[in-house]
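Quick setup: one chain, the form predicted alone, written in structure tokens, and binding and motion questions come after.
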């Protein structure tokens, strides 16, 4: 059996790695992993610029399963450190710990009052300890916010921040994506955090793992090193013929397959790559939505500009929704005596809420705006010099779970699987997922193909 894997991001690399291990026990199949870029890793990559290392935004390993944890530790050996999260929110000219819903102490009294009063009226608060989150219970993410935390929390953080990152109002989103990604503190923790510091962490990412040297790229390098003989770089796909089961690349090479694993963006696969897709499947692909992220990275001529890992910015006056500090993940990310910052600006070409069009991005102007906003937030000082700037434009960033997402992806995946194509990963599956999810899904599809 001939298996072709398209895309050497983390999911594709994991699939190839686990297939390679299967081959040692069963040589009745072969596979090739094809990547359009000259390096493997996809968004799990790092760029080195003037001795600064910049990842494609904050790429941190949140490892919960024993399998993924052991695999990463075996791949990176001693080049891995477990770190306790230090994340904050900046609003109303005040820094408060993340998550907002458990840490509003220190904000203006009026804000705290509105949040507490609204929370006391919610279904969550009135339910006592019997609250059970069910995504299908709520018509929208906004309804969940109001029912769970109330008008105050919604007005001062939940709605503005989520509009900023997703580029659509929470009223347009379902709750399918939430799962582990939105912390749900206990009722007493919400109220305690309104009146005193808790000194407690919440959420799935309260700890994370990160390489001591080399940035997140070293994980992709470790995996690609295990499948080097099966990895082909600089191979951009032109089209797929379903009837003949042939993949054609832009260099003219054609390859026949029995099964195809794709980690390419699902929408792009249906609308641009596969020939002769049924009308109803194309129509489902057309409605799929995601945002894009402009990742502006800065190297600063001052050490220790912050002790934080990252900061959330819900307010409109700041163009970015998050800023992070790679030198606090690992000191190897910056030259001695310097610091680095990554900022994330979400946008969409249509229905954009970030204030500019994806077709009108001016990196230099936006970098100037980012610097001004960082000074306004007291992260930078006016006298700080920018030593380095690296702008990374991530076309597909966060998949938007609107009311058409579930049915559309279901129809598309059914069509693909009927044609022996398995579209997986964050963009192949068109879902919100972590690096650990990518590793585990790559392993799962490899096991299924070889069972």
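Residue numbers count along the first chain shown, from 1. Fair warning: this is a prediction, and the values are worked out from it, not measured in the lab.
There is also a form predicted in complex with a small molecule; it is not shown, and the following applies to it.
- Against the small molecule in the predicted bound form, the set 62, 344 and 438 is in full contact: each member has a heavy atom within 4.5 Å.
- Shown alone here, residue 398 lies within 4.5 Å of the small molecule in the predicted bound form, counting heavy atoms only.
- At a distance threshold of 4.5 angstroms between non-hydrogen atoms, residue 389 is out of contact with the small molecule in the predicted bound form.
- Residue contact check for residue 57: one or more of its heavy atoms lie within 4.5 Å of the small molecule in the predicted bound form.
- At a distance threshold of 4.5 angstroms between non-hydrogen atoms, residue 17 is out of contact with the small molecule in the predicted bound form.
- Residue 273 is the only one of 168, 75, 87, 273 with a heavy atom lying within 4.5 Å of the small molecule in the predicted bound form.
- Stretch 422-430 is the contacting one of 408-416, 380-388, 422-430, 65-73, since its residues have non-hydrogen atoms within 4.5 Å of the small molecule in the predicted bound form.
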